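Read the single chain below, which is given as structure tokens and is the form predicted alone.
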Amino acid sequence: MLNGYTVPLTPEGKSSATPAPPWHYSSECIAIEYWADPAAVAALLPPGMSPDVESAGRAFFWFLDWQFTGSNDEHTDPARYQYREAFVLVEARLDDRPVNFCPYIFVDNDAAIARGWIQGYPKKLGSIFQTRSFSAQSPAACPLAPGSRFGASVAAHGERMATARIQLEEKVDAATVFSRATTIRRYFPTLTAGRQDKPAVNELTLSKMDNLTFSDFWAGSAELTIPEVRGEDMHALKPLKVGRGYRFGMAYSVTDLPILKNYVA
């Protein structure tokens, strides 16, 4: 008998790309509020979703330094399960409900790519870095305090995809910044001849986050650039205006994936 939550399936099931849920995450995050071309945002939305006219192209560019574990102390194997990530969330509406949608995401770990594709996150391999904060005092420590500056970047295929910088000013309430659920599109194509225009899986899903927690939520001034890169489309969401930047801790667990729409059906 072959075992495992994902391929490769093996007799002992140890080689799966990622363990079975529950999945637990803890992260240090940088997020930049900005506004993109509303038409570019609308063009990326899946069927059944509509632009949020009041948002006028509002989006957030996130950078995250993750620690992950399943049920078997995976956090003690950081070479396999620590990773960094960068993604865009655009604001939209689903059945008149305000939501986020994730059109682009980059990650530097194969286990994270497997979990992302299972959920619907369109993860691609990238190289992501962000300034860390340390407790020992030093000009390089970047404490969570007014005036501290942080930077972040994501690159893919040898090309810089985005660069961000923030300067902390004050602590704020996370609920005043993030209050929308995140939607994602689970899409697996078919390779069979004659059916390649009919995906095997095509669903709109909800990124369900159990026990979502924020900590040390700081806000400040921000910079963000998204250059045009050959072979990529993300520059269509380049910032027309940049708002505030945020630095915070975040944790949650994943045990379920609600399906909002089944486009195949």
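Note that the structure is a prediction, hence the values are computed from the model and not measured. One rule holds for the numbers: they count along the sequence shown, beginning at 1.
The next section is about a form of this same protein that is not shown, the form predicted together with a further copy of the same chain.
Note on the partner interface in the predicted bound form: the residue among W218, W62, Y34, F68 having a heavy atom within 4.5 angstroms of a further copy of the same chain is F68. Contact check for D233: a non-hydrogen atom falls within 4.5 Å of a further copy of the same chain in the predicted bound form.
At a distance threshold of 4.5 angstroms between non-hydrogen atoms, N100 is out of contact with a further copy of the same chain in the predicted bound form. In the predicted bound form, no heavy atom of A222 sits within 4.5 Å of a further copy of the same chain. Using a 4.5 Å cutoff between non-hydrogen atoms, A56 does not count as a contact of a further copy of the same chain in the predicted bound form. Contact with a further copy of the same chain in the predicted bound form holds for none of S50, L168 and G243, as no heavy atom of theirs lies within 4.5 Å. Of all the residues from 1 to 40, those having a non-hydrogen atom no more than 4.5 Å from a further copy of the same chain in the predicted bound form are L2, G4, Y5, T6, V7, P8, L9, T10, P11, E12, G13, K14, S15, S16, A17, P21, W23, H24, Y25, S26, S27, E28.
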